[in-house]
Structure formats: structure tokens, C-alpha cells
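One chain comes next, on its own, written out as C-alpha cells in the form predicted alone.
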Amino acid sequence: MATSSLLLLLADGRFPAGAHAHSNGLEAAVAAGRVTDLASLEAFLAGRLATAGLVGAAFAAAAHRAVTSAGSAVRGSTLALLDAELDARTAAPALRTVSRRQGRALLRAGRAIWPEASFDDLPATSGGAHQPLVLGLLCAAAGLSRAETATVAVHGTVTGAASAAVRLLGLDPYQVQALLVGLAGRCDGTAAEAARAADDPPERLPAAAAPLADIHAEAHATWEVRLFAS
């Protein structure tokens, strides 16, 4: 299968890794009255691109670099350091839990689809590795480039929340897709920045934060009734 087709498959929300069950923070933002229409949704997505999108894509690209460029003796230690650095950048315990849960789901899919690939270099942390690291290894197993890996990561940052907006706000899906098209250039720019940043050591990777998103995530985790897992 051509690399471009594999990129599309990994970026597809229907890839069996559970992404469809998450709103990427949108459900809590809607409940707080911060996202109410297309304009506020666009602002929300742009904010995610500049924070979680950039950070996650940079760490996915860095994990890809670790397993495709580093010697076998240092892959494990590099990935462990990446996992620790990403943990430090994820202030909300609820978001750390979600990231590791999504990492486990993605890893199950990766092992089933690419049984010949080795994922043993991932850190054996409690709860599993963070999702961006697992994504980096899956993209490497699929033969994608570092830049394509960052693109897949950035794509998932906005499409999950955009899809959730249709359900949560009853928005016109055509208008939501038009909004995503309008953000395509910004997505490409974020992915390119993340791919370049992957050359830096783990401690110097992007650390953009969104404190309000952290607060929303902690509140959302306490809800007894909700449509999405996060």
C-alpha cells in the first residue's frame, strides 16, 4: 500500500484506536459556555493547534526519530525520556490518564496490524506509554516520514473535536468541514514546526500549555453522565 494511503488510514477517525470516544476537551468547553457556535469552535480549534497540537505532534515526531535514527542501544532510554518529558508537560492528571489510555488502545491496534514491528522499546510505565509516542512508532512501522507523522498527529488534534461539535452543538456538518478546510494551512504549519522541533533534545521540545483546558479536563472527569470520555 502506498505511503500516502497509509497516512490517510492512520489519520482516519475510524482507525480502531478509540479516538471517536473523545471530544478532546470540547464537551467541557461547551458545558462551560465557552464554545457555542462556529466562530467559538474555530477559536477553540486554533487554540488546540497552538498548544496540545504542537506538543503532541512534536513528541510523536521525536519518537519516530528515536526509532528510525537512533541506535538500538539508546532507543529505549530516549523514549523513556520523551515519555517523562511529555508527562511533565501534561499538567492535569485526567489528561495524563487519557493520553496513556489512548496509547494503550493505539498500541493494541499497532500490534495487530503490524505484527512484525517491534514496540518493545516503549517505556514500561504504569498505564502504558503516552499516545503521541505510540503514534510515532506506529507511523514508523507504516513507513511514514517524520513530517507525515506530525501531520497525522495534528490532524487528530482538530478533527476529533470538530466531529464532537456536530453532536454537542448540533452544528451543520458541512459548515464544520468548511471550517476544517479553512484551518488546513494552519495545521500544515503546525505539523512542519513540530517536525523541525523533533531534532531538539527531549527537554527542549515544545511545552505550550493551556491551563483552562487542564481545569476543564479535571472537571469533566468528575461528571457522572457525559457523551465523551474526555
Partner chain sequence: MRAYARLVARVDGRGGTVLTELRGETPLLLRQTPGGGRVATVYVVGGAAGPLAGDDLRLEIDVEPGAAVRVHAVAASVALPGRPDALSRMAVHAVVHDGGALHWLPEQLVAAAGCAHLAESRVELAAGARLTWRDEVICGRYGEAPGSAVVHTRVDYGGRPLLRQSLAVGPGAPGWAGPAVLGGAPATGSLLVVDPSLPAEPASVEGTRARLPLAGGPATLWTATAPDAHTLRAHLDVA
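The structure presented is a predicted model; accordingly, all values stated were derived computationally and were not measured. Residue numbers count along the first chain shown, from 1.
Below, we turn to the form predicted together with the partner chain, even though it does not appear here.
- Of the candidates Ala43, Ala184, Ala31, Ala192, Ala43 is the one whose heavy atoms come within 4.5 Å of the partner chain in the predicted complex; the others do not.
- Between the partner chain and the residues Leu171, Ala197, Ala50, Leu180, the one pair within 4.5 Å by heavy atoms in the predicted complex involves Ala50.
- Across the proposed site, Glu27, Leu38 and Arg167 without exception lack any heavy atom within 4.5 Å of the partner chain in the predicted complex.
- Remark: Glu85 counts among the residues lining the partner chain in the predicted complex, judged by a heavy atom distance of 4.5 Å or less.
- Under a 4.5 angstroms non-hydrogen atom cutoff, the partner chain in the predicted complex has Pro93 among its neighbouring residues.
- Although the partner is absent here, Arg75 lies well away from the partner chain in the predicted complex, with no heavy atom inside 4.5 Å.
- Although the partner is absent from this view, Glu203 contacts the partner chain in the predicted complex, with a non-hydrogen atom inside 4.5 angstroms.
- In the predicted complex, the residues of 191-229 lying within 4.5 Å of the partner chain by at least one heavy atom are, in order, Glu203, Arg204, Ala207, Ala208, Ala209, Ala210, Pro211, Leu212, Ala213, Asp214, Ile215, His216, Glu218, Ala219.
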